[in-house]
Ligand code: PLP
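In structure tokens, one chain follows: the form predicted alone.
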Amino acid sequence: MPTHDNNLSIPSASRRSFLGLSAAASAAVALRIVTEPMLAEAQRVQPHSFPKDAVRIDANENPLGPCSAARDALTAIIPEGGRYSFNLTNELVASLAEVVELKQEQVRVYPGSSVPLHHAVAAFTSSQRSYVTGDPGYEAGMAAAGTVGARVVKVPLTKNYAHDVRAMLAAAPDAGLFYVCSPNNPTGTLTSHSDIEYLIENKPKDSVVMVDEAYIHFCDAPSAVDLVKAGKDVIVLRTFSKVYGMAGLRCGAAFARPDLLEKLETHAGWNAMPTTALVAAAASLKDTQLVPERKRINTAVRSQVFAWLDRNGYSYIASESNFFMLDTRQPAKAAIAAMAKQNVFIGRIWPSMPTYSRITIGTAVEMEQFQTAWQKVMTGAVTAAVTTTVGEMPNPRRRNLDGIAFPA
């Protein structure tokens, strides 16, 4: 059952939103934007720093980092770091529009994809219009909904770990925003294009469907960008944090009809993008072999890990992304703490799956270290470490998440 709890070219809509935010919109701008790094940090055994040579597979980061062309672009832009260089935003928008075959007015870039997610929650949900998501699912939108006073409706995934779009529709006839992450964070599983279409065609009037494709490059699933082309009530999110290895540089995008993007800007205003993110993203798009090669690498390492887990009798959810959910056979906090004693950092935990931990796919060497450590933990070789460490696990509402309520 669902639970309720310089060559500047700014679109006219952006200029209006920048110069004249309403009081309600100004309040929305002030909401604290929760991101993947914040959520990962809040549950880490040793926050803020890692021991030397630690295996860090807890935050869905790409260990390969930016590609060589992006690194060269970053070096070249350093002397211009004192300039805003607004023209670079326009250039990236043009490049993205060409890649996804959309018009430039259907594309906006942001410092990460969590920003437009939060702005969409502010734009389309309220105390009268619910935020609807899958469970387990990415928590950032839930936090934003709580900030604007919207009811959060969490609908269990199907037995195949897809979003149950029919149940989502039935659970929230008052929905303002439906959020579908595909591949889903944290399960790494897909929701079919046909189900997304069904959701769009049967949703309440004036509500919007948001499809988060942060991890789409790791799989063969069709994108929902075609639904943007068709003029549907849909916003598609993308990010350069994952396959492009730019998590620390903060660059993302939203694709939608211009009127929907204008609503995001009404609640967010317009601002400059980091020049480093812009040039690294633009350079990455020019490397036509980057995505297929990194997809190949991730698939190969993931397949090896799954084969090892199968041989050793460990249960997991088969993923089509750069992470997966692993059955810890015990409260996952204990396993996470024990793995940290082995200098391998895994995480995190979702309330609806307390005996599972999300594991990021690292390099081949890192995943071999993970396997060695996991075998020790699961055979009881580090039992003492569990009992002495688990009590020190941080509360996920502490530190930079203080005051943000997540629905249980």
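Each residue number is its position in the shown sequence, starting from 1. Just so you know, these numbers come straight off a predicted model, no measurement behind them.
FYI, the form predicted together with this ligand isn't displayed, but the following is about it.
Proximity of Thr125 to this ligand in the predicted bound form falls outside the 4.5 Å heavy atom cutoff. Contact check for Phe86: no non-hydrogen atom falls within 4.5 Å of this ligand in the predicted bound form. Looking at Tyr244, you'd find every heavy atom of it more than 4.5 angstroms from this ligand in the predicted bound form.
At the 4.5 Å threshold, heavy atoms of Gly188 stay clear of this ligand in the predicted bound form, well away from it.
Only one of 88 to 96, 306 to 314, 224 to 232, 211 to 219 lies within 4.5 Å of this ligand in the predicted bound form by heavy atoms, and it is 211 to 219.
Contact with this ligand in the predicted bound form, defined as a heavy atom within 4.5 Å, holds for exactly one of Ser113, Thr133, Ser319, Asn298, namely Ser113.
Contact annotation: of the candidates Cys181, Ala172, Ile336, Ala120, the single residue with a non-hydrogen atom within 4.5 angstroms of this ligand in the predicted bound form is Cys181. Taking this ligand as positioned in the predicted bound form, the only residue of 138 to 171 that brings a heavy atom within 4.5 Å of it is Tyr138.
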